[in-house]
Structure formats: C-alpha cells, structure tokens
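The chain below stands alone, shown as structure tokens; this is the form predicted alone.
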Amino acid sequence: MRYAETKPPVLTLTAGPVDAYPEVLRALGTTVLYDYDPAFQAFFEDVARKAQAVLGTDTPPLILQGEPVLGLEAAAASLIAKDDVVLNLASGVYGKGFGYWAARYAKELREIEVPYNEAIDPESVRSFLAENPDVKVVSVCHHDTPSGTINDINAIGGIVADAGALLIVDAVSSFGGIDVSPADCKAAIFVTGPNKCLGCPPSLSLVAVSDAGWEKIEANPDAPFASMLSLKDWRHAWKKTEAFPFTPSVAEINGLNAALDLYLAEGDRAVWARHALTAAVCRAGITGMGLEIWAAREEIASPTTTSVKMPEGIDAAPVLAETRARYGVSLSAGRAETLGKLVRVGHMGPTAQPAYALVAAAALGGALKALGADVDVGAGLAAAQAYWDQAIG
C-alpha cells in the first residue's frame, strides 16, 4: 500500500509546522469571545502571565498576532535605527536571512558567516566587537532549523553585553525544547513562538523585550507604531485595563493557554529531557544504519531537529516523496543552500517522543534503501532501540 499525495500523511514528523497537542486542538474549538469582553481581557492577561512564567521574564512577553516571522521582522524594525551598525551572525539559512531585514533598517550590516553545518565561535564575536566598537546591535539565530545546528547564545550574549551592544535572538525553533531563556542569553529582544516546541499551530509570536531593549526602541524615531510591525503598540496590551492595537487572534490565545498549561504541568526540565532523548535516539538510529548527521559535531546538533546528510548522488526530494508514499511519514526538506542536501526530522512538542524517532529512522532508512542507497536499516533501528533502552534503564 502506498499513500497518495492528495491525502494527509499518517505522521507529520517535520521541523515545522509540527503537529499540535490534542489539548491545544480542543482549546482552539472553544468559544471565541469578543476581545473587549471583560472575561477575555482578564483571560488574555492571565495567558500573558503564564507566558511570563514559562519564559522567566520580569514582565509578560508581547503576544503578536502572527507567526514568528512577524516577531523577527518587528524586532529588526523596532530596535535597529538608521545610524546603527549591525553585526549579523550567519551559521545557516535563517541566520543569514535575518541580515536582509537588518540591512533594511541599519546604516551598515556586517557579518560573521560560517559553513552551514557549523556554529558561530563566541570568541570570533568577541574579537570582531573589539575591532568594531561601533557595532550597536548583534543578531543571532539560536537553532538554525534548515541545518539542525545550535549556536551558544549564552556565551555570545555575555560577550555582546560586555561590549555594550544589544542582542536580538531568534529562538523560534528552540525555546520550549532546550534550556534557553531571554535572561540567560542577555537578549534585548528574544523572539519565539508557540508553533514549534510548545505544540501549537503557526499563528502567534512571543517576544520578550528587556529594559535596555525598550529604552532603545523608545528612543528610535523610526520604530514603527500603528503598524503590524510595531512592538510599541503591544507593550502594555497584556494588561486587562489596556486596549488592543487591533483584534487579537482569540482562538489562538485559547490554544496558547492550553499549551502553556501543558508545559508548566510537565515542568521545563522534563520537557527538555524528552526532546533531548528523542533526538539522541534518532541520531543513534541514523548513524547506526551508516548515515551521517549534517552538523559538523555532535555538540552543535539540535535536540529539536535532526538533519541527515544525503548519501553521495542522492537528492533529498525523491527521498521525502518516498518516505511519504511508502510509509505515510512526512519529513522536512532543507532550505536554500541546504535544499536537496539533507532531510530533517523534527522533534518538537508532541512528536518529541522516542517512539517517533524510531518511526522516522525506519521511514528514512527504508526510503533510501528503496532508492538504492547502501544503508542497514535493521542495524540502525537496533542501535536506536538500544540507546533508548539504556537511557530508561
């Protein structure tokens, strides 16, 4: 039996959008209140307070009404002034992409760029800032999803703070699955969303802004207002006594509330451990069958996405088509420079379970074998199972 492209896959194990938790889906179907009903205003403030607890911030994060690309572009537009020099750290497609927004608003964009299977060396940032004291803003992608690699943003954040610059962090596909927070990385603006590791559909951005970040935004005459890109408009909207800049996505707030409740109930360390174990089981299976992980080193491989290098002579597109048609499993392609070179398995939210890692390894290995690759699927699955068994005792 093969699965038709016109039908939904049996399992979506992609790097995003990810499947949503059942509790979130049920919450999306609950009553949609009028946004100025006192019950909704109080509810919105309560959800914002939960998000504050999850992010570990001093004040509630902004809840912007669009998936995190909105939050990232708004961060660039709001924090970067026309006379600013910006250093963008590019270790992958998404990190490189933020530079295009930064260049739109800055006087000058400078970059440190490394191969897209590598991570930024924090010491290179220290040296660059010492030689370029005019840099006012630094931007970095924590988890560059098209490569499945992680940057050490805590080390980078400390260096940026010591240099007197402000840091913008893209933590869209890492927060909620990895031990990372706005405070620990000293971010002026920290952008994430509930549509990855928190297990919601793509719809909202969560944006944490530090006191220094707000001071810079308020002093920036070009920071947008009365705009979809405005952070200023939403600064106090979490309070039940304040007006919304425009109609919030009421149903999506219901879903976010359910996701935050799940996260708080499970506990952050348990959530992080679940994501890490799933990724480790998957990588044991992938390497056990004779394939290579895209990341240059294990220590920079993400706990929320495993990127698998394609064997010589095999393009990723037919492999993805085969995993879906043969096994009903949807996996992710690369993006831009990594397109065709790798296949990505997402471990986020509800799919951050070791059992799904076994399914992903089986589907990927089986598809590659069907396309003529020299892989030992049985050995890979045995290695994955052995790793899982050892981890649980």
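Since this is a predicted model, take the numbers as computed values, not measurements. In this text, residue numbers run from 1 along the sequence as written.
The same protein has a further form, the form predicted together with a further copy of the same chain, not shown here; the description that follows concerns it.
- For a residue to qualify, one of its non-hydrogen atoms must sit within 4.5 Å of a further copy of the same chain in the model of the complex; none of 44, 116 and 220 qualifies.
- The closest heavy atom approach of residue 251 to a further copy of the same chain in the model of the complex falls within 4.5 Å.
- In the model of the complex, at least one heavy atom of residue 32 sits within 4.5 Å of a further copy of the same chain.
- Shown alone here, residue 228 lies within 4.5 Å of a further copy of the same chain in the model of the complex, counting heavy atoms only.
- Contact between residue 52 and a further copy of the same chain in the model of the complex is not found at the 4.5 Å heavy atom cutoff.
- Across the options 305-313, 67-75, 163-171, 80-88, residues that bring heavy atoms within 4.5 Å of a further copy of the same chain in the model of the complex belong to 67-75.
- Residues 101, 104 are the members of 80-111 with a non-hydrogen atom no more than 4.5 angstroms from a further copy of the same chain in the model of the complex.
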